[in-house]
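Just the one chain here, laid out as structure tokens, in the form predicted on its own.
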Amino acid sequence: MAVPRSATDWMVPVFGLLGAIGLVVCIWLIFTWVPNDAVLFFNQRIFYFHVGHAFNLFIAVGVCGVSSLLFLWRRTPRWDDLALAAAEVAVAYGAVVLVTGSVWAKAAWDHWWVWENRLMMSLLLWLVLVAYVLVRRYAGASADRLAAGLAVFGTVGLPFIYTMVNKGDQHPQAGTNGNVATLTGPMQIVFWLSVATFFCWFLALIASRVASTRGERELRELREQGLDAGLLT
């Protein structure tokens, strides 16, 4: 459901504060409580930032795709506002995923980038999101509908990215067979805490961008009404 206007008034400060507190706690636990990995040793700690952002990237892309479908179906501006906000947040989270993934790859493979399945699909998804934002900014009157189509296309790729570990590539795994649900002990606790922390940031950013996007749209509508009434030139 699209974010109501009243919700954005409290979501930004509340979830922003929760995210800030969670980040401090996560950093402290990651570097003081979680044990070193048997293979990657200290370098494994990037996992909590990398996978935590990846989970929320998937959520952001899903929100963008579903909102875009609803916008194409109903032509309701609030769904378009939510889709745009989710896409912008997804671009930021996707950049973090790619950068931290490169750090992890350097520790695991001694290369910053390897052309394996999940990395290529993740890069493609991020480029689709960047294209969405560029289309919205520069494509003119039809930008909202063109971008909505891109969002739906990007969302279709999520299941392929998620299931590509153990599908013939060498992507580093967390948990048995790449399943984070099999993590135990401190790793499990800190991992889910990191996911919750970055989700708080996600909600705060979404609410902030929805409010900003709505304000910009309403300002454009007022300007058009002023032009039609001859009050502006």
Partner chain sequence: MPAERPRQGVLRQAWRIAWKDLKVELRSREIVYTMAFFGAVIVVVYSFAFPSSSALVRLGAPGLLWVSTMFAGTIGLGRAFDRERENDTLRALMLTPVPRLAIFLGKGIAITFLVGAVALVVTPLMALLMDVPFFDHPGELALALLLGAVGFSAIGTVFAATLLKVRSRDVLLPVIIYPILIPLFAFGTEATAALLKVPADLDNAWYWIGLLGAYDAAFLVLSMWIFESLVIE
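Only a predicted model underlies this, so the values are computations on that prediction, with no experimental measurement involved. Residue numbers count along the first chain shown, from 1.
Unshown form predicted together with the partner chain; subsequent notes refer to it.
- Remark: none of the three candidate residues (Met11, Val51 and Ala60) comes within 4.5 Å of the partner chain in the predicted complex, counting heavy atoms only.
- Using a 4.5 angstroms threshold between heavy atoms, Tyr138 counts as touching the partner chain in the predicted complex.
- Among heavy atoms of Leu69, some come within 4.5 Å of the partner chain in the predicted complex.
- Among heavy atoms of Leu150, some come within 4.5 Å of the partner chain in the predicted complex.
- The shortest heavy atom separation between Phe160 and the partner chain in the predicted complex is within 4.5 Å.
- With contact defined as any non-hydrogen atom lying within 4.5 angstroms of the partner chain in the predicted complex, the contacting residues in 130 to 146 are Ala131, Leu134, Val135, Tyr138, Ala139, Ser142, Arg145, Leu146, given in sequence order.
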